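Given as structure tokens, the chain that follows is alone and in the form predicted alone.
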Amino acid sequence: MALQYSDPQVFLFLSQILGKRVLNRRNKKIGKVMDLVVGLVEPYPIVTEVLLSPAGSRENYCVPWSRVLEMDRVLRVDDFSPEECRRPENREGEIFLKDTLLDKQVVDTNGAKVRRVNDLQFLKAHNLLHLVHVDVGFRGLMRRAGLVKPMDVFLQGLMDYTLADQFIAWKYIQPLSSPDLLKLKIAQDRLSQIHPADLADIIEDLDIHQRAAVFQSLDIETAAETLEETDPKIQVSLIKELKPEDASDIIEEMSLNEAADLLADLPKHQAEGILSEMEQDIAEDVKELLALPEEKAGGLMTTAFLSYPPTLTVGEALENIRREAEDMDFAYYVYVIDADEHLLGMMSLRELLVSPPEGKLEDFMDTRIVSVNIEEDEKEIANMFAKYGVMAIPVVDDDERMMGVIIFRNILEIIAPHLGK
């Protein structure tokens, strides 16, 4: 028997469905609704089963949604055989809504916030029940308590005000209650759409177990970008939960100075284990930075930057940038160095783009270079950034050989930590 509706589309709430009496065709009570099971299909999950608590029994079982005849004041079901039902055990691609979502934390990927689920809204149409919205507002709590109407009368009469619903579309929701849910491709796609800085804030708001589960569900590139935005103490706790080979994959994707800072905060044996798993050339670069004092220029710089000989043409430089920029920590300036790595000049990408492709870098480079010695302290470096308004400052040794670049963001985290991580 097909479902019959007077209205082709009706909105329902989980709070209105839980606890409903379940009757058979002959109007005999056979139990009550304990939960709903949905299949995690896109864009909106579909209810596949009703978790029934049978009258006179403690053994709950799941009734297929196809057996539901009516859902109004009661839930009426067609006759079914025991073989059609199953015990309430989790299956891949399905979740029990009350158990998994109600009163649980979820990520609002559109607003980039952690929210608490107070109710769930369904659209009943075409013989199916679709999960369409998550209710995160106070009105949802009042609905569950059966106090929405009294609250509306009180607020309308006293203040001429109606409390609005706070719904989030399901397509922006990522559940956090189960690590299995975070391993789904849907979850990875949704989380990767959040800006790394916002994702870092979300991770910091979670408890230690949820934090690790969310972080470990991210792809390597997103995990690295997020880790760079995260508080150093939380960085350490997240990396400690990983195997050395997994941690090395993520740290290799971080900027060199960020990777060095993180490894410096880890226990020595763990840092060495991760370094041994990293690609040799990256590991050597990181070790060089680890050997330098953190409060000096050497400890603030990155060794991944764009540098070319003075005789290279502008066109050749641009072609090289296309190949190399992806692996650079900073790609706004190009530095011109000689065969002995002495710093001769620099050009911005804008200057490169407007220069004749056949011209040589030495003909267009700016020789008025603002640089700092590798032993310069962070306070003086901060003053230089403020004075010259540059985005990066090259670091040189006593012989004016270029050693690295300090990016403005790195010094910002020191002089104004509330604006950094």
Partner chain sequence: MAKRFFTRIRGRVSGVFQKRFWVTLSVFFALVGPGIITSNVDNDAGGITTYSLAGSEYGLSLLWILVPVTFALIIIQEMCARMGVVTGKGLSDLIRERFGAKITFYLMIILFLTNLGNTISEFAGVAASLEIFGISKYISVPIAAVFVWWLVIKWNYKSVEKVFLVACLFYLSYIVSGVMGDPDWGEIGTAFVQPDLRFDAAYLTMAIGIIGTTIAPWMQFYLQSSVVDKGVRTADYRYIRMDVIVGSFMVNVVAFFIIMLCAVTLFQNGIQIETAKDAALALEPMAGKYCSLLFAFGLLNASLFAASILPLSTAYTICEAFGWESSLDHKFVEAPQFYGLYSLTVFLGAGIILFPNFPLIWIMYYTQVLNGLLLPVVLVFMLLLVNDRRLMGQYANGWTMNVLSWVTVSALVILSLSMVVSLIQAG
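Residue numbers count along the first chain shown, from 1. Because the structure is a prediction, the values reported are computed rather than measured.
Note that the form predicted in complex with the partner chain isn't included here; everything after this is about it.
In short, of 255-263, 221-229, 110-118, 295-303 it is 110-118 that has heavy atoms within 4.5 Å of the partner chain in the predicted complex. At a distance of at most 4.5 angstroms from the partner chain in the predicted complex, none of the three residues 327, 387 and 409 contributes a non-hydrogen atom. For residue 207, a non-hydrogen atom is located within 4.5 Å of the partner chain in the predicted complex, even though that partner is not displayed. For the chain shown alone, residue 243 is not a contact residue for the partner chain in the predicted complex, no non-hydrogen atom being within 4.5 angstroms. The shortest heavy atom separation between residue 104 and the partner chain in the predicted complex is within 4.5 Å.
When contacts are judged by a 4.5 Å heavy atom cut-off, residue 145 counts as touching the partner chain in the predicted complex. Interface residue among 198, 277, 99, 152 relative to the partner chain in the predicted complex, by the heavy atom within 4.5 Å criterion: 99. This chain lacks the partner; the member of 312, 168, 141, 125 within 4.5 angstroms of the partner chain in the predicted complex by a non-hydrogen atom is 141.
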